[in-house]
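Presented below, as C-alpha coordinates, is a lone chain in the form predicted alone.
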Amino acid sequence: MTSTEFLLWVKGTGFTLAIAVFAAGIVLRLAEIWSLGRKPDLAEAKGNANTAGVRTIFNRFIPDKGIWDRSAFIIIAAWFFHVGLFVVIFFFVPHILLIDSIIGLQWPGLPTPIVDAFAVITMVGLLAMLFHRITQPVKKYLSTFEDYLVWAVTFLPLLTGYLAYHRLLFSPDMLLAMHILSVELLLVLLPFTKLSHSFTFLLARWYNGAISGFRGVQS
(Lines give C-alpha, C1' and ligand atoms only; values in the text may rest on other atoms or scores of the structure.)
Protein backbone atom coordinates (compact mmCIF):
# COMPACT_ATOMS: atom_id res chain seq x y z
CA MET A 1 0.00 0.00 0.00
CA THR A 2 1.43 3.36 -1.01
CA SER A 3 1.34 6.38 1.26
CA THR A 4 -1.41 7.91 -0.88
CA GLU A 5 -3.54 4.75 -0.64
CA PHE A 6 -2.93 4.64 3.10
CA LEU A 7 -4.05 8.27 3.40
CA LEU A 8 -7.22 7.59 1.41
CA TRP A 9 -8.05 4.62 3.67
CA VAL A 10 -7.61 6.50 6.95
CA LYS A 11 -9.60 9.46 5.59
CA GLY A 12 -12.39 7.15 4.42
CA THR A 13 -12.99 3.71 5.92
CA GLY A 14 -10.74 4.25 8.92
CA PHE A 15 -12.38 7.52 9.88
CA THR A 16 -15.88 6.08 9.50
CA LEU A 17 -15.03 3.11 11.72
CA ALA A 18 -13.40 5.33 14.35
CA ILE A 19 -16.40 7.66 14.52
CA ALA A 20 -18.79 4.70 14.77
CA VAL A 21 -16.84 3.11 17.65
CA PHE A 22 -16.48 6.48 19.37
CA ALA A 23 -20.22 7.24 19.16
CA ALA A 24 -21.21 3.75 20.30
CA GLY A 25 -18.73 3.94 23.17
CA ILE A 26 -20.08 7.29 24.35
CA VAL A 27 -23.63 5.95 24.32
CA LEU A 28 -22.58 2.82 26.24
CA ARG A 29 -20.66 4.82 28.85
CA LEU A 30 -23.56 7.22 29.41
CA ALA A 31 -26.00 4.30 29.60
CA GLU A 32 -23.74 2.66 32.18
CA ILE A 33 -23.75 5.82 34.30
CA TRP A 34 -27.52 6.15 33.96
CA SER A 35 -28.07 2.50 34.91
CA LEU A 36 -26.32 3.01 38.24
CA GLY A 37 -29.35 5.01 39.32
CA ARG A 38 -29.71 6.84 42.60
CA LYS A 39 -32.04 6.29 45.49
CA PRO A 40 -34.33 9.25 46.20
CA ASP A 41 -33.10 11.43 49.05
CA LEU A 42 -36.00 11.67 51.50
CA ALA A 43 -34.29 14.18 53.75
CA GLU A 44 -35.49 17.77 53.79
CA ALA A 45 -33.62 19.95 51.31
CA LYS A 46 -31.37 22.51 53.01
CA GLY A 47 -30.18 24.17 49.82
CA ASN A 48 -30.61 24.36 46.06
CA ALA A 49 -29.15 21.27 44.40
CA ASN A 50 -29.20 22.60 40.83
CA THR A 51 -27.53 25.90 41.67
CA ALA A 52 -24.85 24.18 43.71
CA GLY A 53 -24.27 21.65 40.94
CA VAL A 54 -23.70 24.31 38.30
CA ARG A 55 -21.50 26.34 40.66
CA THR A 56 -19.32 23.31 41.40
CA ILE A 57 -18.71 22.70 37.69
CA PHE A 58 -16.93 26.04 37.49
CA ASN A 59 -15.32 26.48 40.89
CA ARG A 60 -13.48 23.14 40.58
CA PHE A 61 -11.39 24.72 37.81
CA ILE A 62 -9.63 26.69 40.55
CA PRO A 63 -7.71 24.45 42.99
CA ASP A 64 -7.93 25.27 46.68
CA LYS A 65 -4.83 26.25 48.64
CA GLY A 66 -4.27 22.80 50.11
CA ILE A 67 -4.24 21.08 46.73
CA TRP A 68 -2.08 23.85 45.25
CA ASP A 69 0.51 23.53 48.02
CA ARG A 70 0.74 19.76 47.54
CA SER A 71 0.61 19.58 43.74
CA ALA A 72 1.56 22.95 42.22
CA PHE A 73 3.80 21.38 39.56
CA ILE A 74 1.20 18.95 38.26
CA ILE A 75 -1.55 21.61 38.35
CA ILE A 76 0.51 24.02 36.22
CA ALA A 77 1.49 21.27 33.77
CA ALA A 78 -2.12 20.09 33.54
CA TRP A 79 -3.36 23.61 32.84
CA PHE A 80 -0.80 24.05 30.06
CA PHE A 81 -1.82 20.69 28.59
CA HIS A 82 -5.60 21.11 28.79
CA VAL A 83 -5.74 24.72 27.59
CA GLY A 84 -3.26 24.04 24.81
CA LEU A 85 -5.10 20.93 23.66
CA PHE A 86 -8.40 22.82 23.61
CA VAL A 87 -6.89 25.54 21.42
CA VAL A 88 -5.26 23.05 19.04
CA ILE A 89 -8.44 21.00 18.60
CA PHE A 90 -10.99 23.79 18.29
CA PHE A 91 -9.11 26.79 16.86
CA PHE A 92 -6.96 25.25 14.12
CA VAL A 93 -8.72 26.15 10.87
CA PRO A 94 -8.46 22.69 9.22
CA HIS A 95 -9.99 21.16 12.36
CA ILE A 96 -12.82 23.68 12.28
CA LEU A 97 -13.50 22.84 8.65
CA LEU A 98 -13.56 19.12 9.49
CA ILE A 99 -16.05 19.72 12.32
CA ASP A 100 -18.14 21.84 9.97
CA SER A 101 -18.21 19.00 7.41
CA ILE A 102 -19.51 16.61 10.09
CA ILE A 103 -22.00 18.66 12.11
CA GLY A 104 -22.39 21.87 10.12
CA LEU A 105 -20.90 24.25 12.70
CA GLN A 106 -17.92 26.54 12.32
CA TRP A 107 -16.35 29.54 14.04
CA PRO A 108 -13.31 31.80 13.51
CA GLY A 109 -9.95 30.10 13.93
CA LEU A 110 -6.61 31.42 15.17
CA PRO A 111 -3.56 32.12 13.00
CA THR A 112 -1.67 28.92 12.36
CA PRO A 113 1.60 30.06 14.04
CA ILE A 114 -0.33 30.68 17.26
CA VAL A 115 -1.92 27.22 17.14
CA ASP A 116 1.50 25.76 16.36
CA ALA A 117 2.91 27.42 19.48
CA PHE A 118 0.06 26.02 21.58
CA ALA A 119 0.80 22.56 20.19
CA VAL A 120 4.37 22.85 21.45
CA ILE A 121 3.15 24.10 24.84
CA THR A 122 0.73 21.17 25.06
CA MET A 123 3.44 18.63 24.27
CA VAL A 124 5.74 20.21 26.86
CA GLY A 125 2.93 19.98 29.42
CA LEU A 126 2.36 16.32 28.61
CA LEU A 127 6.07 15.52 28.81
CA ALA A 128 6.25 17.30 32.17
CA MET A 129 3.34 15.21 33.47
CA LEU A 130 5.02 12.00 32.24
CA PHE A 131 8.30 13.02 33.89
CA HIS A 132 6.46 13.67 37.15
CA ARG A 133 4.75 10.28 36.96
CA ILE A 134 7.93 8.27 36.40
CA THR A 135 10.07 10.18 38.92
CA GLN A 136 7.65 10.22 41.86
CA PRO A 137 7.91 6.82 43.57
CA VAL A 138 4.34 6.67 44.86
CA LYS A 139 2.77 7.83 41.60
CA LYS A 140 5.02 5.51 39.60
CA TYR A 141 4.00 2.57 41.80
CA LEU A 142 0.30 3.36 41.41
CA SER A 143 0.51 3.91 37.64
CA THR A 144 -0.88 1.19 35.41
CA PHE A 145 -0.48 0.28 31.75
CA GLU A 146 -3.67 2.23 31.03
CA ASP A 147 -2.12 5.43 32.42
CA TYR A 148 0.78 5.23 29.99
CA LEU A 149 -1.49 4.17 27.12
CA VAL A 150 -3.74 7.17 27.71
CA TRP A 151 -0.70 9.44 27.77
CA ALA A 152 0.64 7.98 24.51
CA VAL A 153 -2.61 8.18 22.52
CA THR A 154 -3.02 11.80 23.65
CA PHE A 155 0.54 12.76 22.78
CA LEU A 156 0.71 11.06 19.37
CA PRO A 157 -1.87 13.25 17.56
CA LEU A 158 0.00 16.35 18.73
CA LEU A 159 3.37 14.98 17.66
CA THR A 160 2.17 13.72 14.27
CA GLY A 161 0.24 16.94 13.68
CA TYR A 162 3.35 18.99 14.42
CA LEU A 163 5.44 16.83 12.10
CA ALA A 164 2.78 17.03 9.38
CA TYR A 165 2.53 20.82 9.60
CA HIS A 166 6.31 21.24 9.40
CA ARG A 167 6.72 18.35 6.91
CA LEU A 168 9.42 16.57 8.90
CA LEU A 169 10.81 13.03 8.52
CA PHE A 170 8.23 11.55 6.10
CA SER A 171 6.35 12.43 2.92
CA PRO A 172 3.38 14.82 3.30
CA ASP A 173 0.85 12.06 2.49
CA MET A 174 2.37 9.69 5.04
CA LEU A 175 2.57 12.41 7.71
CA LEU A 176 -1.07 13.36 7.25
CA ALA A 177 -2.13 9.70 7.25
CA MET A 178 -0.19 9.09 10.47
CA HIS A 179 -1.80 12.10 12.09
CA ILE A 180 -5.32 11.10 11.11
CA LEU A 181 -4.72 7.50 12.20
CA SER A 182 -3.43 8.65 15.60
CA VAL A 183 -6.58 10.76 16.07
CA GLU A 184 -8.73 7.77 15.11
CA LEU A 185 -6.92 5.64 17.69
CA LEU A 186 -7.64 8.30 20.29
CA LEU A 187 -11.33 8.38 19.34
CA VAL A 188 -11.62 4.58 19.54
CA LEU A 189 -10.02 4.36 22.99
CA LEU A 190 -11.53 7.50 24.52
CA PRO A 191 -14.88 6.06 25.70
CA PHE A 192 -13.30 2.90 27.16
CA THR A 193 -10.39 4.38 29.14
CA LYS A 194 -9.75 7.14 31.66
CA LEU A 195 -9.97 9.56 28.74
CA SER A 196 -13.75 9.30 29.13
CA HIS A 197 -13.41 11.94 31.85
CA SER A 198 -13.24 14.45 29.00
CA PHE A 199 -17.04 14.27 28.82
CA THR A 200 -18.04 12.71 32.18
CA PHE A 201 -16.23 15.23 34.39
CA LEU A 202 -19.05 17.75 33.95
CA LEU A 203 -21.62 15.19 35.10
CA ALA A 204 -19.46 14.16 38.06
CA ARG A 205 -18.87 17.74 39.18
CA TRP A 206 -22.54 18.63 38.87
CA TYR A 207 -23.58 15.51 40.78
CA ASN A 208 -21.16 16.12 43.66
CA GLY A 209 -22.15 19.77 43.86
CA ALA A 210 -25.86 18.97 43.71
CA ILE A 211 -25.61 16.43 46.56
CA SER A 212 -23.73 18.90 48.73
CA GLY A 213 -26.08 21.74 47.81
CA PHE A 214 -29.12 19.66 48.70
CA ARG A 215 -27.60 19.00 52.12
CA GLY A 216 -26.66 22.64 52.62
CA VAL A 217 -22.90 22.12 52.72
CA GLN A 218 -20.08 23.38 50.53
CA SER A 219 -18.86 21.02 47.80
Partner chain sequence: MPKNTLGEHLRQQGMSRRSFLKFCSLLASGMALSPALVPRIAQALEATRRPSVIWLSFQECTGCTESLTRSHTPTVEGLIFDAISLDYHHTLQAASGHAAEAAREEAMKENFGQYILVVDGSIPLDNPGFSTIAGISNLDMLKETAKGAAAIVAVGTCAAFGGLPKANPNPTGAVPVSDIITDKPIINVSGCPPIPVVITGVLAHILTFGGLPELDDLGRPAAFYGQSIHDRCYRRPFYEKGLFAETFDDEGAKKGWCLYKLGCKGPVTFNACATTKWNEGTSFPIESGHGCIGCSEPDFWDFGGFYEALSRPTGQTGKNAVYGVAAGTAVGAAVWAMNRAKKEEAVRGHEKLTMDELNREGEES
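Numbering follows the first chain given and starts at 1. Everything numeric in this text was worked out from a predicted model, so none of it was measured.
Keep in mind that the form predicted in complex with the partner chain is not shown, yet the notes after this line are about it.
The partner chain is not drawn, but in the predicted bound form it has no heavy atom within 4.5 Å of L189.
Taking the partner from elsewhere, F15 is found to have a heavy atom lying within 4.5 Å of the partner chain in the predicted bound form. When contacts are judged by a 4.5 Å heavy atom cut-off, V93 counts as touching the partner chain in the predicted bound form.
For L195, no non-hydrogen atom is located within 4.5 Å of the partner chain in the predicted bound form, even though that partner is not displayed. Site annotation in the predicted bound form: the residue of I134, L142, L97, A72 reaching within 4.5 Å of the partner chain with a heavy atom is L97. For the partner chain in the predicted bound form, the listed stretch (123-131, 143-151, 77-85, 102-110) containing residues with heavy atoms inside 4.5 Å is 102-110. Residues of 125-144 that come within 4.5 Å of the partner chain in the predicted bound form, judged by any heavy atom, do not exist; none qualify.
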